[in-house]
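Only one chain is given next, in structure tokens, and it is the form predicted alone.
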């Protein structure tokens, strides 16, 4: 069953075989696998239980419901906006449905004999089958993606169609705000209902406060249910279990462990943050583009993406989906100048570039429940983002754009490749909008106590019954969308968590 603040009006004490914190990709996959084994499962989820009728496709309404800090969470220096989702379904509610496995080269760099492509392969295969992952048909591409593909092919760059998990899609284009048509084959539609039918209990609107322990074992989780409208506490709960699995994401999981004062002799919890940050370039075309309509992000350019260590090409490019408020936050100018850009929005195409980042940041508590995300791009990653912006603009010009624009405070505008190549291009903090939607690596798997928080079974090294099943666990940036990997990792962690006596 799924209980919300409306039902959780009294304090409760619950017992379970496994208590999971977080109902996103990792947590829902873990709950699905564990409940299928006949184990009792309680899942705590800070966000609300929303259904398709709640997804009204209005940015001002959905961002507060789907994201921490209403989508306003930023790095300490304010340079990068970090979109970190919550809700029963977590970030799978708002993501675009892109599905890619971790590249073999990334696994090879980790050099972990029991945490590798072979380890995750059966979990990938199971999730891909459950979620109906398939290649987007070329005829379903929207105008933005068709123009992007046209430019990539004209330049002879490497590109290809992407795979999604969707069924019954009507092409409304507002996937980032939750699907009003219930076409996402995600945690909310597939895994959570099956877990509930198998006996799992989900407590929505419920924040895990602390994990209590006795020696090397976690004994219970303390949590509180909050009214999502006011933030007021409604009730408090204690959940006892044989094992505990953290799946709150690469920001909230380390914060919970820090609040719980878990043993951390080398101060690793919350370190090593990667964000996979992205930037975007725009271009004006003569014909309407309407980039917010249709299936977004169905094509990719991998010409400048290589996963070898110290590669000089670490940029992944996709077509953007510029919703009105999101576009307004990125387009340059103020007053009449900004108004002029927004009036062009129906004819603007957008290409996003994300860097497979080598920058390492950190996450630490700010007050009781706030997040201090300290992440400052290193010079190498800045150069990669500059490369991505220049090539995104080049692709758009090759597709026939009237003018390409890199939306710095003083925008870089080019009507030809020659003009673009002559222009200086440097990524500086607060000079353009940078966004990260894939935080990872803050409680990671490694070889020893000296260099990692988790062993290769995703168990926290200093406790016998605490596991991590979310994007925290990966040792580095993946360089690809992490949805599929988070689902698969949740299943992997659940295998061991379910065996604890």
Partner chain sequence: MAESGNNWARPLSRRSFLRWTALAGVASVAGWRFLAPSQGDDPGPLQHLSANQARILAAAYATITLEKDPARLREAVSFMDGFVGRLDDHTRLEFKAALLLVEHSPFLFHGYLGRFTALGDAERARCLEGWRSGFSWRRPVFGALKDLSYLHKYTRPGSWAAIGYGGPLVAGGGAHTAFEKRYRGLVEGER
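Not measured: the values here are computed from a predicted model. Numbering follows the first chain given and starts at 1.
Absent from the display: the form predicted in complex with the partner chain. The rest refers to it.
Here is the short version: of 335, 265, 156, 215, the single residue with a heavy atom within 4.5 Å of the partner chain in the model of the complex is 335.
In terms of contact with the partner chain in the model of the complex, the residue from 260, 172, 163, 236 that brings a heavy atom within 4.5 Å is 172. In the model of the complex, none of the heavy atoms of residue 450 sits within 4.5 Å of a heavy atom of the partner chain. Among heavy atoms of residue 189, some come within 4.5 Å of the partner chain in the model of the complex. In the model of the complex, the partner chain lies within 4.5 Å of some heavy atom of residue 325. Although the partner is absent here, residue 78 sits close enough that one of its heavy atoms falls within 4.5 Å of the partner chain in the model of the complex.
Across the options 35 to 43, 434 to 442, 459 to 467, 57 to 65, residues that bring heavy atoms within 4.5 Å of the partner chain in the model of the complex belong to 57 to 65. Applying a 4.5 Å heavy atom cutoff to the partner chain in the model of the complex picks out 180, 181, 182, 188, 189, 193, 196, 197 from 175 to 210, in order along the sequence.
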